[in-house]
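The chain below stands alone and is given in structure tokens; this is the form predicted on its own.
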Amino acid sequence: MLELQKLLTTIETMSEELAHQSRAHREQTARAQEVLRAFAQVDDALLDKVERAADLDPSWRGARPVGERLDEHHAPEAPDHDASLIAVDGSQIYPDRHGMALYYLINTGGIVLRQGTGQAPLTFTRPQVFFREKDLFNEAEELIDSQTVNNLREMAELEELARLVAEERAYWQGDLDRRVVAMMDGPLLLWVSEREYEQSSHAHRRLQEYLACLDAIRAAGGLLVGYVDRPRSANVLRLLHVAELELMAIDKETLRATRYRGLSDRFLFDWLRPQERSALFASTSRINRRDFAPAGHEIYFFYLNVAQADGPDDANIVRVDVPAWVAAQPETLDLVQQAVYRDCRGTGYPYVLARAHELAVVTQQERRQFEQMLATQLMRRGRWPYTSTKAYLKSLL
């Protein structure tokens, strides 16, 4: 049990330290905003610094500016058009060696919202249970870990998204004037460690499957969006740190000596007005340059204020990821910007993503009911289900 009275002193110290950090971060952010204005004009000198940083340290997670200015802010110029919004989310039950049976479960939930039609949103769920040995054990005959299940869930989400985009385009009989915005919760770049990339054939297959889904979404005329709420990324801040360095002074040591440690880009852009987006940037991550870009799916991002009220104190800055084929046309970016902002009205978070999560989540009660059904079927086949002693004692507590 947690005896809270023993933590009173720690809580007081913690609150004091957090208040001090908040003040320091505000001062650092103000300094960073000054640097943003000072280096606002994107020139060859700045781009050379970014290129040098990315080449010297492949792990450097900076940002490459795409436009002419770092301080650009853009409100949609085109009229707001109705679109079909599609979102998919997923949840999972991890394999438990203390449970009555070894299995894992992936549940995906999705929604299609056809703006302007008056139709009720279309929703679906797709539960999948994996219990065969080939699904449960890796090449070393070890039980798969939670990260592997997370990767499989991520692919299941993207596959469902690609399928729904194709079905929605077919519903509109191939009419490309009907825009279809496909939204994912989180960044669009696939996370694969360099060690995994170099040593595992599975990582290469996973990457190719991921890119194939992006191909399918693009072929169906979908506009893919990765929505990151309360982003912690600091790519633009790392860019500003590099901007202040001399070209030949950039090395691994100076790249890590940033004065903006602990800050997030979203505070850098709190001056954006509601529905305005920042300049467009490209991720400098190695997988984006090496794998996504040659396949035509280089990932770009911008920051967007989805708040309703104006002013830095009310700003709600989110990060929006888009592939190169969405970022290529300003009018397409405008449409994505409008669609995301419109769906955030009322809550400050996209309705379709919230609903997809609600559909996908597996509650503890639902898990218990599933395992009760499984136990009944096992007993019918002459096998008495039981958990480990450890799991049994925990259930009593």
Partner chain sequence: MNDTSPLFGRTLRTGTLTFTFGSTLPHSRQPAFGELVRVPAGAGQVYGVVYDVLTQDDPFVRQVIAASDQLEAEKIADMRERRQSPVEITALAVAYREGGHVYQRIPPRPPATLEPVYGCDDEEVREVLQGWDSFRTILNHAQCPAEELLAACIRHAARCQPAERRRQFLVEAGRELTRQLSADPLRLDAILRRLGGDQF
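Positions refer to the first chain, counted from 1. Computed from a prediction, not measured in an experiment: that's the story for all the values here.
Omitted here: the form predicted in complex with its partner chain. The next part is about that form.
This chain lacks the partner; the member of Ile250, Leu268, Leu239, Leu113 within 4.5 angstroms of its partner chain in the model of the complex by a non-hydrogen atom is Leu113.
With the partner omitted here, the residue from Asp44, Glu34, Glu331, Glu358 that has a non-hydrogen atom within 4.5 angstroms of its partner chain in the model of the complex is Glu358. Judged by heavy atoms within 4.5 Å of its partner chain in the model of the complex, the contact stretch among the candidates 228-236, 270-278, 179-187, 119-127 is 119-127. Proximity of Ser91 to its partner chain in the model of the complex falls outside the 4.5 Å heavy atom cutoff. The shortest heavy atom separation between Arg345 and its partner chain in the model of the complex is within 4.5 Å. For the chain shown alone, Val362 is not a contact residue for its partner chain in the model of the complex, no non-hydrogen atom being within 4.5 angstroms. Mapping the unseen interface onto this chain, Leu56 falls outside it, with no heavy atom inside 4.5 Å of its partner chain in the model of the complex. Along 362-381, not one residue places a heavy atom within 4.5 Å of its partner chain in the model of the complex.
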